[in-house]
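Starting off, we have a lone chain in the form predicted on its own, written out as structure tokens.
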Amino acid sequence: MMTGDEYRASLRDGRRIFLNGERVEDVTTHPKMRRSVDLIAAGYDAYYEQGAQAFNEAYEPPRSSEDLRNRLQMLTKWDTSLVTTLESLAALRTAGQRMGETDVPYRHRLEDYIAWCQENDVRSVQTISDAKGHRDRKIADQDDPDVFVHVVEERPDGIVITGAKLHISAAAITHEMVLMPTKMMRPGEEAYAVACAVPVNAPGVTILNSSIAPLEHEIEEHPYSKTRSMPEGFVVFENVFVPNERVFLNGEVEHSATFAHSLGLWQRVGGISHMAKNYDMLVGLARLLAEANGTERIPHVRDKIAEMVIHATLVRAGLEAAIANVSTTPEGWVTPSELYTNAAKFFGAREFSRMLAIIHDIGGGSIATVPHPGDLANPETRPLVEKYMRTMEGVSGEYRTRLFHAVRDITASDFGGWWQVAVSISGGGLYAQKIVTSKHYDMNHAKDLARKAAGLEDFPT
């Protein structure tokens, strides 16, 4: 197992990283990336154990509903990189199991790679969304074939890939990228049916990053996002060689969607785990705002908070249903219910903007215009903030100012805007969850109930 300092040292490996158009020589010291690195390093230290046989038990697959529940609860406490690692490896396990015995060499490679990740305590990111080009054209009709990652050369010892993957959170500060096809490929698109693992510092890999992380002098304004912002990677592969042992799919179009669907399941159940926790937090923020403003007894405010409580409860109910209705693989590990996972993710993502709208309605304009924390630190201006931000005994100007800043940071800052997009799009857009939910819904049972209710049992189906 690695310590936090060993993790930091492992990132100084010659990786080609850019941020805001400038080359980043050391991600561990860059002012926009350093705190993200520190967060992951703290995760390493929290789970570190000495000994050659020590390993992070999180890498082990869950083997019961209770095991899955505990694993998901732990996910909400971990840094982003460990979450993406476990989702990536769980997706590989699931894809290997679903591919069946017809592709035993790939299954062995998958198992060996997962074991290698565990033994070396590396962090990885799932790398799936292609640039895609013109969305209404097939791959063969694109102006540029590189808008989807594809194999450009096959060698006896491996393959060479070119293309780009977008929206890859924390790619610049992890070790491995697990590439998967973004969709089902058709006959004739065999070069694009490729899944593999690539080190971040592999020759030919370039990562262009954006970041909403606050700078050091902005930390007071960002009490929540200062420890939660990760760089977002635009990952380019230019003739990158991948050895055979790291290739998990190469041309088998019939399995191209298997990886995406497997990843979608684990991304979405991880997403609703965080969503259940965060929805409760949003309910709490709404109540704190109402209490600080003296409006918690006003009927329409109470009604709005009650609506938020219902949304939060239904998301958690969907999560619990997904955990309670697991499927067990022949290998003895479990996967969450596709039906409840996707239904809960769809509902939670769709209602997220409503949750934020209620908070903004309860909080009012101070969410956007509250005085700067610097005004509290300045002896000349602090009395003014204390006087006019105070509302009652027990609600000081400083308390209410800091509460509004937290709400602004969480819901209305750069982070707040990023969060709204991430909740909606992560794990695939809302339409994807509709499709999978419908696929796993027992429509025949519903139709049988309808026929019985209508007295049509004797008619042909």
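Every value quoted in this text rests on a predicted model; they were computed, and no experiment measured them. Numbering starts at 1 and runs along the sequence shown.
Not on display, but discussed next: the form predicted together with a small molecule.
In the model of the complex, the small molecule lies within 4.5 Å of some heavy atom of E232. Contact annotation for A42: none of its heavy atoms lies within 4.5 Å of the small molecule in the model of the complex. Of the heavy atoms in S65, none are within 4.5 Å of the small molecule in the model of the complex. Proximity of S426 to the small molecule in the model of the complex: non-hydrogen atoms within 4.5 Å are present.
Contact with the small molecule in the model of the complex, defined as a heavy atom within 4.5 Å, holds for exactly one of A54, A46, M392, V421, namely V421. A single residue from the set K304, H167, H261, K226 has any heavy atom within 4.5 angstroms of the small molecule in the model of the complex; that residue is H167. Segments offered: 240-248, 351-359, 200-208, 120-128. Contacting the small molecule in the model of the complex at heavy atom distances within 4.5 Å is 120-128.
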